[in-house]
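Heads up, what comes next is one protein chain in two forms, each shown on its own as structure tokens, labelled structure 1 and structure 2.
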Structure 1
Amino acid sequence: MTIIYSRYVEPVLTSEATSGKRSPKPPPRIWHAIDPPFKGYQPAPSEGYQQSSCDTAIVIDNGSSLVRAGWSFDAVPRLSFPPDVARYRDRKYNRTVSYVGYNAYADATTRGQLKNAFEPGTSVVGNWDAMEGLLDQIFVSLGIEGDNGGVGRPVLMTETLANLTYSRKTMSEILFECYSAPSVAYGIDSLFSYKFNRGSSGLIISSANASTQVIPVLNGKPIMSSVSRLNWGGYQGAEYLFKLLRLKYPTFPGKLTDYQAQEYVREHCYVSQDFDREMSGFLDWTGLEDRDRIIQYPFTEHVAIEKSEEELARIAERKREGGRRLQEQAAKMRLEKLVQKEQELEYYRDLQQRIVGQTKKETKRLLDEDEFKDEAQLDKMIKDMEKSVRKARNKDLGIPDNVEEEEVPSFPLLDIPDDQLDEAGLKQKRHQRLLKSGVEARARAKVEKEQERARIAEEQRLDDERRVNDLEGWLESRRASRATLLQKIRDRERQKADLGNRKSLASQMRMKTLANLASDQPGRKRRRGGDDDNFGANDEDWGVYRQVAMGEQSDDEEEEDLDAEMKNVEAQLLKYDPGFSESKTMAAQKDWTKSLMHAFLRGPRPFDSESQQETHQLHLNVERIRVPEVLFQPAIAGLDQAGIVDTAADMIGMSSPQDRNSVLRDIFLTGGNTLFKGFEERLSRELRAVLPIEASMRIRQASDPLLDAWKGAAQWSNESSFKLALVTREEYQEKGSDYLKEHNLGNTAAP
């Protein structure tokens, strides 16, 4: 046996595959489980600092999923990494080390100390130590060499809509006090993306990592009083998928991480155009091979090395040779035992001859030496040994044993009165009485068996007559019997499942029974003066063992073979009921090819519980459309909010006719959570369904929903309006850290 550590996508070859036979199905497509996103050493692009001037801004898109930074003259951000920081004390070098971004996923130690700068599921900074580590990484990677540790350049930072004043205030304090920034400005990320895509008047639907926002914009100015937010984004979608998979595979041996769940949402999920219809048929066997996605986690497989024909022949010959040796040894042992038995038989026969004609005292002495009670026991021993020796000889010679007629035992001492017998005779009489009771019990059991066979034959005859005379009534009784048996089987399975749950009523009753049995003062009171334990005197007492073992409804003495009885009833229905087919039998219903649960858990292929490869697989099917559907139906995830279609429709409906036409001409999609396949088509179709027929609507997506926020901020930092929005260091010291200049991004022509 060979153990291999595998992460490949090809299936393990079976004996049929290696022998040249073609598999009836092609191997399924399998996706790898995603590794931690460590990208290795990345050199810092420090040449930008020499190209910059004092007026060149440092642009930071401070997102909760990825932080992007660069110079205002860059076409794309130079830095992009997650807002994660790992800081711990290195005992080897005796100093504190910090890993930022992708470097925080370098090994298990750094991943164990991972901290995110943002509050989980929000765009609000909650860990300012981590945020300071992110800013250190940004400024060092950009090659900033300001005097006295200051950055020496204006800083433009994006933030989410309706950011908390405390969060912006703390950020300003860090930038001015810790990094000596000469000036700072803030802007909303989704509006920057809209400006970069030349938007002027329209409706922005921004679905990012932390939330989804709907923002109406008129003449380049957002209408803040009409803004609406849905508390659902990429983070919540990944967390929802993570919970669904944990519920789907509670005993999954692999480790599912949050980062992997995020990648599965981005790579495998899509927006359904008709969710109810597609969900109802998603697990149909037709086409399930394409809809089901298999995620393979690392596993250890045991591979049996196949042997050649010559090796198999040699192994078989060794087995036969070993069998022959065992047979010879067994024959030798049987011969030795036979010789020993013959010697013992000869000894007992000699003893029988020696006690002939002896006195009672001498006879008792000779019998006591060989531990015999009387001569009768010696005679019985000699007869048994003669029979055993004869059997052994016939077996060695291959002669079949003749069936001897059973001797009718006699009990002569039972007719003799007790006063005519001595002590030994009384003992022998009691022994004969017990033997007679056993003979009579066996005779009664034999008669009862014959009566039972006769009763079953009579019931079968009556049942056949009823079937011939009244087929419909007979079939109806069989259907009722099958329904009763089916309910009993379900109750039995449910009871077994309840016994595994310590909080169920069955388990609680079982523990109560065990506690009563172990108690020194059992619940049933004994009569005064009766300290003897009379447990077992009544047949009901023995039910406690059945109750402890299987529950109250079990009956070991009269246990029914429900499965065999069900097969018998179903065989009769298959033979005589034209409306009962093979697909309706219990065995067919348990067939994996007809099981909806099997399709949900394991896809359209058989599952081998012994295969480590299949045990370490996740199957994504209905989750692929269920997770993105929350944006349109938040109620399926327990969110008490309206979907984006209802929110946008209400916002458009409350606008004036002139503003409504301006907004409908440019519905703008931005944010990474809008990149689902089919998102734009579904939104357009459902919005069109709630709008007037004469309304003119146009939906477009950002040229790059992930980077356009940073690009728009960099573009705006080169305009004259940017300098008017900057809060200088002097203004910060004079007016406080919560001071903010209101500014407009400026009107741009619509595309």
Structure 2
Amino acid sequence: MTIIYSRYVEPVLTSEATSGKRSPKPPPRIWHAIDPPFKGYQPAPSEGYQQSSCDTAIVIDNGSSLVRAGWSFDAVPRLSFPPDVARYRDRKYNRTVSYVGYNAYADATTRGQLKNAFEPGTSVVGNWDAMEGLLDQIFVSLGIEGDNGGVGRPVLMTETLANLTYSRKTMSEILFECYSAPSVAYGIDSLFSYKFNRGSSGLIISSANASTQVIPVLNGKPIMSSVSRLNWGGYQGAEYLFKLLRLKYPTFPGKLTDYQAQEYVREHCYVSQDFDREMSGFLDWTGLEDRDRIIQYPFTEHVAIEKSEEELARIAERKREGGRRLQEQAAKMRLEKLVQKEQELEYYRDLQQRIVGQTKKETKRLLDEDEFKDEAQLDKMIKDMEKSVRKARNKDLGIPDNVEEEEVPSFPLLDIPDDQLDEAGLKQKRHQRLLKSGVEARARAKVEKEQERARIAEEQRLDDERRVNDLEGWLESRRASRATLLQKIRDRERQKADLGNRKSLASQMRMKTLANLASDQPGRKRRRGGDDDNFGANDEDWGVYRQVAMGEQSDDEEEEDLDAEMKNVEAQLLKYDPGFSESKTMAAQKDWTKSLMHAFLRGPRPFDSESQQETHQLHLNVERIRVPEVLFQPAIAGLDQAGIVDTAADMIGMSSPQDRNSVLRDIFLTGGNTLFKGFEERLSRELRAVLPIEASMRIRQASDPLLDAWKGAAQWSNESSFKLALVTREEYQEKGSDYLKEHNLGNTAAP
């Protein structure tokens, strides 16, 4: 894929610069997340019941996405609602309540109790309590009075292709026993739809909510022995999208629901005409604006309250005032302390005065009173105090503390041999030695610092010299160091990532070390006899703890270093290397305009993770063609079945030549999942490709892929063949609940 695209992107490095770019672009079109499909209270239409007679059938298209029901004389179904039932015990009123269809979406409580009548992902009824709820709702809404304790009308109901006997049996039981239906018939929805569109021989491709079925029909009779079902429909598509979005935005703050996923599939997905080509260019920048769909979930932006100029000034004034007060207080405290210190100093000076000329004993007594050991200590105390008082005074007056040259202390005692000193002298000598070594160490450090500075300056000078003399070589070395740094940064990132993974080499080494450290008696040591393992004798032994410490805390400073160094090297390269531009820096490489993942997650615009609005957005892009593609390539979603084209082509290939021609002349699409834009074209083109060249093929879509099943059923319920297919109550009682009369629009009886 080589599409050269041009974008107007000036070297963008910071998000501030990119957000400024937004102003010339118009704001993107945003779709909003839909609310639960609650329709409010709808009064039951009752006039239908009065119009009906004992022979008027109640027609129910029992679909897994929407149940549709009406009278056989209706042109369109009167009722249409999802097969959801919320039946629970209301704690407040202590009674059982039951809400059916859209009513079950009335509020959060009812939505929480939602149960679907069908087994998930199939058109087979799985929850019969919910099914009874649906039937109740249908009969109530149709205004059936039930004067004689039953519905009193024949019931025509659709069922799935090759319905399970148990399922039909249970349905019959409910219809006959609970609702006392006089007679019941079943048929297949897609055959009804085909009948309504006046088809007689052809291939029905019905892609509905729970499955996709291919049914060949010859002269109005379905060839049941060669029907086929692909377990993929609108439900699975929505579920797949739901999964993909959950993986795409694992920390999405909004609540994504399945009815929303269904809506997105309906609204935004389409069948790609050339999936591979379109997919590989889907996230390219050209036109991504149009391909990317944004769905906004409700959010609350943290609005910073705008303060007026006046208010701001007032706040600043208040702050200043507070600061001033604090300063004053601090000054006062300082002054108080100073005064106290001065008083103390005065006292000690006085003490010093008093000591002069006293006897030794008296001196000792005076000193002891103030807890001094000897005169020297007193002197030192006075000296220290003088210093601190001076300092404080200077600070108060704002005079900079001029660093007076510290006089080099002398250590006279050190030169006198030990034997010439008494006990106190020895003590003092020791003290002086300590002091001296401290002073010397400081001096040494100072010199070393000087040297280091000189060395760095020298290095810098040499480096500059080298740059001037041999620019190419210098640049080469810089590039090399940049590469090493890059590698180091990558390694560090990998290591960090690896630490989280128990199976990584780094983790395993760490585990090994830990185990070694934890074991009390390593066998090797024991054999040698000694208990002591000499740990710590070598300085490097302690490095073990560095290894054991988990990542973060240990190499924090190093990390800073690497990034800073990188910046430094890159700055140098930028300055001197003509071939190195802004766009090659690491920061620019991380730029979102180059990132495929950014295009995938956030579309063609910058993303501000602080903005509540943007974090509450879903971007649908590749999903728009990825989800419907599963029908053509089920392997994408891990479905181990052949795609719709293969299945249809196999079926056509297996039939006899004359049958094949009549089937090919009418390929009929029905069901809500065929409504994707481009579905018919794609199917037609791909079928064409696998069919013999001379075969003529015609493909058409039902006039209304959603409602034609019901309409066909209603139409049939007025025909004479319907009367023959009805199983009456007497027949039910005599022949059992799994008794079925076969007809051309329904299933065959299982053995």
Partner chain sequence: MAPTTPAADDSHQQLLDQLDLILKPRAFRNTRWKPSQRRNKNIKQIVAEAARKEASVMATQDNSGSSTPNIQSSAIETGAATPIHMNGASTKSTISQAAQNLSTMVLERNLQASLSTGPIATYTNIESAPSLHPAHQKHYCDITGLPAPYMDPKSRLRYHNKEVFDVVRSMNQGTAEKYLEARGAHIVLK
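Structure 1 provides the reference sequence; residues are numbered from 1 along it. Here, rigid core means the biggest group of C-alpha atoms that superpose within 1.5 Å across both forms. The shown structure was predicted, so the numbers you read here are calculated from the model rather than taken from an experiment.
Comparing the two isolated copies of the chain, the first one is the form predicted alone. Taking the rigid core as fixed, one finds a CA shift for Gly425 of 2 Å or more between the two structures. The Cα shift for Lys449 between the two structures, taken after rigid core superposition, is 2 angstroms or larger. Relative to the superposed rigid core, Lys364 undergoes a CA displacement of at least 2 Å between the two structures. Core-aligned Cα shift between the two structures at Leu435: this is 5.6 Å.
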